[in-house]
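Single chain ahead, by itself, as structure tokens, in the form predicted alone.
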Amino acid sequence: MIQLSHVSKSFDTKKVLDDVNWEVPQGSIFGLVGPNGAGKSTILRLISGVLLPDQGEITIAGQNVYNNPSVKKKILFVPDDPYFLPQTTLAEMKKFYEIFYPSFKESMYRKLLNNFPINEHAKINTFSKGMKRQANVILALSILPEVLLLDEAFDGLDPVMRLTLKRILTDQLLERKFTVVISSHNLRELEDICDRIALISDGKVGLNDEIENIRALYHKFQVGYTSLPEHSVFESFNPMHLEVRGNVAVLVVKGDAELLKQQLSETQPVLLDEIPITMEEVFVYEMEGKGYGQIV
């Protein structure tokens, strides 16, 4: 298990993380979302031991990460902008990884090469961004890490390669119980693959739960009337989002679905439907509730 306890981190005068407490269960795929500059990449760098927190503690399986080589060799961090030694090929980078990661498995490397259309003997600096990410993923998974940290994992990958990566991660998770943390702006991608999602904003981890539990908490209703009630009727539900079109209102609310339906039915609508809500909508409405992205 990855555990962050009262972790804070600042860069110059800007506090990026403020007293963060967060746990990632072993054997899970955890999605980390948030607006630009929220601290997603910082959290991944802290977990990998690249950065030292100003305050607090980060442990994996009860052991401190920073300046602990025995723990770090079990972690692989794939940054948003992967780094490779200058003028190297993938085959040459493989030899470099084999030196520092004794767990590197040749058979896994060959298997991944068959899944990603990469020429291991071509210079990596000639690759596109998506191909560089594929190369980094091949190296990362070949060491059989116990903790895999992916920053913007799907950025630059075409639809086929995104699907391939998701299949490989889920297959690997079935074969061995390792832990994956993925930061991404693409909620749709995370919704397909993650067990849990955490939302980071204002330096703290807020929304943090299994995807199914989050879906069970947020509800989107379409309510139609012959004569639209006063707005105060809808405001009594404390909607995260309210949109009125003619005599039809669309509300996004948190709570028990059946109780909300009963309360809405008491407003005497002629139409009452619950519309499926996506994780992307949840993220947007949560952030709008914090004032992020609103037009004033």
Partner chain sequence: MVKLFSARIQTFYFRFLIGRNKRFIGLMTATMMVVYPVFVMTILSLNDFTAPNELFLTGRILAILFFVFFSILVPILMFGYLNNKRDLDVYFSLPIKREQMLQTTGWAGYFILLIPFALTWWTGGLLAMIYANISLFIIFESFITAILIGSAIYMVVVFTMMNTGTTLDAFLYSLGVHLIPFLAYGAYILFGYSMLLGFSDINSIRILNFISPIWAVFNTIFATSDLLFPPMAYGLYWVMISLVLCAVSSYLYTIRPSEKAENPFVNKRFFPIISTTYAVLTLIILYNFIYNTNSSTNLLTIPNLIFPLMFAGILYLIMDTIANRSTKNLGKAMLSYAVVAAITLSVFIPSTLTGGFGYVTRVPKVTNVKSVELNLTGSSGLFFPTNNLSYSYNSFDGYTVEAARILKALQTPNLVFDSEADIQAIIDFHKIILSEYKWVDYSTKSYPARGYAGDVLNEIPGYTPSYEPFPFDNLDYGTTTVTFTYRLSDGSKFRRTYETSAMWAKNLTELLASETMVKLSAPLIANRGLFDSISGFKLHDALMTNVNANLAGFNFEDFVSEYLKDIETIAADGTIEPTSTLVAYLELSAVKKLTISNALTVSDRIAIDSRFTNTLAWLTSKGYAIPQARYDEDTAVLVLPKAATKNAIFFIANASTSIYSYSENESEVVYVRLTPEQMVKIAPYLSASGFSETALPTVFTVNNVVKGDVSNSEAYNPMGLMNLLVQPQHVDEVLAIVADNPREIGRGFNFFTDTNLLSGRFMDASGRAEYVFEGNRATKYYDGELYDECEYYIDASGNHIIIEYRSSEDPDTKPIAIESALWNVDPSGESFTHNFLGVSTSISFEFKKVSE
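Positions refer to the first chain, counted from 1. What you see is a predicted model; the values in this text were computed from it and never measured.
Below, we refer to the form predicted in complex with the partner chain, which is not included among the displayed structures.
Chemist: Within 4.5 Å of the partner chain in the model of the complex, counting heavy atoms only, one of 83-91, 216-224, 177-185, 112-120 shows up; tell me which.
Modeler: Selected range: 83-91.
Chemist: Please identify the residue among K261, H241, K254, R45 with any heavy atom within 4.5 Å of the partner chain in the model of the complex.
Modeler: Looking at K261, H241, K254, R45 one by one, just R45 meets the 4.5 Å heavy-atom criterion.
Chemist: Going by heavy atom distances of 4.5 angstroms or less, which of G206, P79, G203, G130 would be at the interface with the partner chain in the model of the complex?
Modeler: If I apply the 4.5 Å criterion carefully, the residue I get is P79.
Chemist: Could you confirm whether F237 comes within 4.5 Å of the partner chain in the model of the complex, counting heavy atoms only?
Modeler: F237: no, not in contact with the partner chain in the model of the complex.
Chemist: In the model of the complex, does N67 have a heavy atom within 4.5 Å of the partner chain?
Modeler: Heavy-atom contact with the partner chain at 4.5 Å: present for N67.
Chemist: I'd like to know whether V160 contacts the partner chain in the model of the complex, with contact meaning heavy atoms within 4.5 angstroms.
Modeler: Output for V160 is no: heavy atoms all beyond 4.5 Å of the partner chain.
Chemist: Though only this chain appears here, would G49 touch the partner chain in the model of the complex if you measure heavy atom gaps against 4.5 Å?
Modeler: So G49 counts as contacting the partner chain.
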